[in-house]
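Presented as structure tokens, the chain that follows is alone, the form predicted alone.
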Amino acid sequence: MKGKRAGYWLVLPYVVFLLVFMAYPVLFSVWLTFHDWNLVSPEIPFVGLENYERLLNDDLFFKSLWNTLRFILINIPLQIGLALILAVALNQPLKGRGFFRGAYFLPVVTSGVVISFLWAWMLSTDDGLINGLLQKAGLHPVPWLTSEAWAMPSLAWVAAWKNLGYYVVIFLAGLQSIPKQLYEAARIDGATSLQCFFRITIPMLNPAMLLVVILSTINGFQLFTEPYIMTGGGPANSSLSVVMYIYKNAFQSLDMGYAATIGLVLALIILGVSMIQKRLLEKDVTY
């Protein structure tokens, strides 16, 4: 009995943390979607489904959702492709392998704000490093952040570069769990390196691939820092993400009820997309 009581006391801090900082904010946000609150007023009038009706007729919300989906469609293949190539390269017995593993992980632990300011300068149309190199090569400068066509691909590249090391680590862990006997048996049967990669490495990496795709998608839906600092959501709202739209409604318009409604809908979208991805990709997973 004393042992049980001691156990309850040990888990009590975590239970309190869970209730105060996770369960309460979620429940309060759901409650807020049915109310109108400007953050400072003590009165919070009930408005029923008004926020949801407004959301269905909000063109800017659907534009921000489409922008976010565009970002994800560019970012995920780019991120996974580069991370997989780097992981395979860093899994080889190369000289300086430890240094390169640390170097590629460095952007992950660097502040997203710092990285955004750095890339905003590098991608600047007038005096950016990238356009400077293009002009020295005799090419025209590209409006990386000031063009509706280039803004979102540029942000997708910056986000992929920042998070690359994290996914390289996941793929490296997956590569090192593949039994070497499989490669030895394939070599004896005359398989080439390319055949080993596509018929052994890729199938055996399916669990890691599933994890990376789901995490990348969730991170993509939470896009905020890069567009907020580098483009401000422009030009013409072409890089306005859903989370940035939530921020604008909550802290610039002080429309907390509507911001909570967008947040709840976004959470449901993330949940639905993740479940679909899991269902589709899990078929080919070999544990």
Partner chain sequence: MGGKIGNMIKKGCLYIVLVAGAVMFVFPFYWMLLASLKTPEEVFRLDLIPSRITLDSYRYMFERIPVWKGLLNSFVFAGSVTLITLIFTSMAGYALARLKFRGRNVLFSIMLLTMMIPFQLLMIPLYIMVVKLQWMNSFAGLILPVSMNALGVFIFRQFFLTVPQELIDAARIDGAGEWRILFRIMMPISKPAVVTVAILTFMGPWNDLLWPLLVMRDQELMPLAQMATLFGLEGQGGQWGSIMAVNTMLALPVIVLYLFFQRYFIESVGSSGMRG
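Numbering follows the first chain given and starts at 1. In this text the structure is predicted, and so the values were computed from the model without any measurement.
What comes next is about the form predicted in complex with the partner chain, which is not displayed.
Using a 4.5 angstroms threshold between heavy atoms, residue 26 counts as touching the partner chain in the model of the complex.
Though the partner is left out of this view, residue 157 does reach within 4.5 Å of the partner chain in the model of the complex, counting heavy atoms only.
Proximity of residue 55 to the partner chain in the model of the complex falls outside the 4.5 Å heavy atom cutoff. Using a 4.5 Å cutoff between non-hydrogen atoms, residue 34 does not count as a contact of the partner chain in the model of the complex. With respect to the partner chain in the model of the complex, the three residues 39, 247 and 274 uniformly fall within 4.5 angstroms at the level of their nearest heavy atom.
None of 210, 200, 169, 142 but one reaches within 4.5 angstroms of the partner chain in the model of the complex through a heavy atom, and that residue is 169. Interface residue among 94, 73, 178, 185, judged by heavy atoms within 4.5 Å of the partner chain in the model of the complex: 94. In plain terms, the part of the chain that comes close to the partner chain in the model of the complex, with a heavy atom within 4.5 Å, is 254-262 out of 254-262, 61-69, 233-241, 46-54. Looking at 102-131, the residues that come within 4.5 Å of the partner chain in the model of the complex, counting any heavy atom, are 102, 103, 104, 105, 106, 107, 108, 109, 110, 111, 113, 114, 117, 118, 119, 120, 121, 122, 127, 129.
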